[in-house]
Ligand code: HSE
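Just the one chain here, the form predicted on its own, laid out as structure tokens.
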Amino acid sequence: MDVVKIGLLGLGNVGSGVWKILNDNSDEIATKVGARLEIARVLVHNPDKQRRVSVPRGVLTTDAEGVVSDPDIPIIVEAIGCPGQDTTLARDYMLSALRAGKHVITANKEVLARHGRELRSAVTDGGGLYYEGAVAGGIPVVKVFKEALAGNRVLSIMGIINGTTNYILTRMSQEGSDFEEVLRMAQALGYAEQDPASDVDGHDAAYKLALLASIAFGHDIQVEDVFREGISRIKLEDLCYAAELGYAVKLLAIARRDGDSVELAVHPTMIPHGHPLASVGGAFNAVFIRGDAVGDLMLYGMGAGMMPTGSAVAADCIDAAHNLIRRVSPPREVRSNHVRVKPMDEMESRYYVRVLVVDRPGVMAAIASEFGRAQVSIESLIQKGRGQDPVSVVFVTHRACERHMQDALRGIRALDVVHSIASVIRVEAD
């Protein structure tokens, strides 16, 4: 082959990055592949719209079926996303291309998390499904699991895989600003959408964790199996107490093996300042992996954006072109459907609990009694200020079962000396 033709579906943020990289670096890529990669057709909704990149008018089209079914275009890049949170269009385009024997590349984590099994089943001989850009942008984490760690039994994953929430928590910690103020700043800078729910409520991280855990553990993990809790309840006061206790607060995506079960959760987490993830700031992402042979390693970089995600998609285009030239398919992903996902109430953690109480004698004893009744042991406590109403009291517990912890919280809420439980944050000690 002298030229490998690519059909690009969508010219938004990711699609523009792919166009720019494949054109700007075309000579270097051709040398590596042994053929020139040419984006032959680009699907757009409105050919007259002003865009970040300059694409010849004749390359633009509104005919999706014409791109997907063109026998001269063996590689299809899906970059239309999920308009209105609807995965149907992207899924249908990819299924059509895969069933036609094409190589399909996507960075669409939501479609993969919801329809990954169906898409993998549609791969035919000579074709393939590639999705390096779907998790952590330009960080090559999918390839690491599939190739570099193929000889390992992956024991755990802890990741900062949503740049928006990491930016918000970092700015809150560094500048002493509250959540709403920093969220508005993130929206103004383009880090957060005008409807930020997917990011701040943990949906985006849950999709990505479902994908990572599926690859790492070799099981079909559904996004519905992932416990999810967002960051909107985190207050500046909690970040200050965390720093005093020697922790940073991050929205972590966590997957662990536990015997024959797996634990899957996305939630705000306090991690010690000495842990590598604690120093990951701003909109950066990082994935901390533990394997039985390799031990601990961490991947770090920009987790989203036009160029980082475009870089991952371009790398998949190069892999697909190599496979086309050699007339081979990428290795099939073998996954088991049989795995027990541990319910959240069976998981164990340490906990940070901030309680707003009446400042009078006997309050500590009453709260400690409820912890003890529920079999939760207290490691430390902090109380500052006198004569306030209410006053904050912070408890950090030893490792406890989630079910026992929720029992203790119900008992504490019922105490007449307690105004409210202001915050509960899980604590990673390891």
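Since this is a predicted model, take the numbers as computed values, not measurements. Residue numbers run from 1 along the displayed sequence.
We do not show the form predicted in complex with the named molecule, though everything after this point is about it.
S.K.: Would you please decide whether residue 132 lies within 4.5 angstroms of the named molecule in the model of the complex, comparing each non-hydrogen atom pair?
M.R.: Flag for residue 132 set to no.
S.K.: When the contact criterion is heavy atoms within 4.5 Å, does residue 78 count as touching the named molecule in the model of the complex?
M.R.: It does not: once the named molecule is placed as it appears in the model of the complex, residue 78 has no heavy atom within 4.5 Å of it.
S.K.: With the partner left out of view, is residue 164 within 4.5 angstroms of the named molecule in the model of the complex by any non-hydrogen atom?
M.R.: Residue 164: contacts the named molecule in the model of the complex.
S.K.: For residue 250, is any heavy atom within 4.5 Å of the named molecule in the model of the complex, or not?
M.R.: No, residue 250 is distant from the partner.
S.K.: Looking at 142-150, 260-268, 198-206, 97-105, which lies within 4.5 angstroms of the named molecule in the model of the complex, counting heavy atoms?
M.R.: In short, 198-206.
S.K.: Tell me, out of 286, 304, 182, 289, which residue has a non-hydrogen atom within 4.5 angstroms of the named molecule in the model of the complex.
M.R.: Here the answer is residue option 304.
S.K.: Between 102-137 and the named molecule in the model of the complex, list the residues on our side with a heavy atom within 4.5 Å.
M.R.: The stretch 102-137, when checked against the named molecule in the model of the complex, contributes only 109 at the 4.5 Å heavy-atom cut-off.
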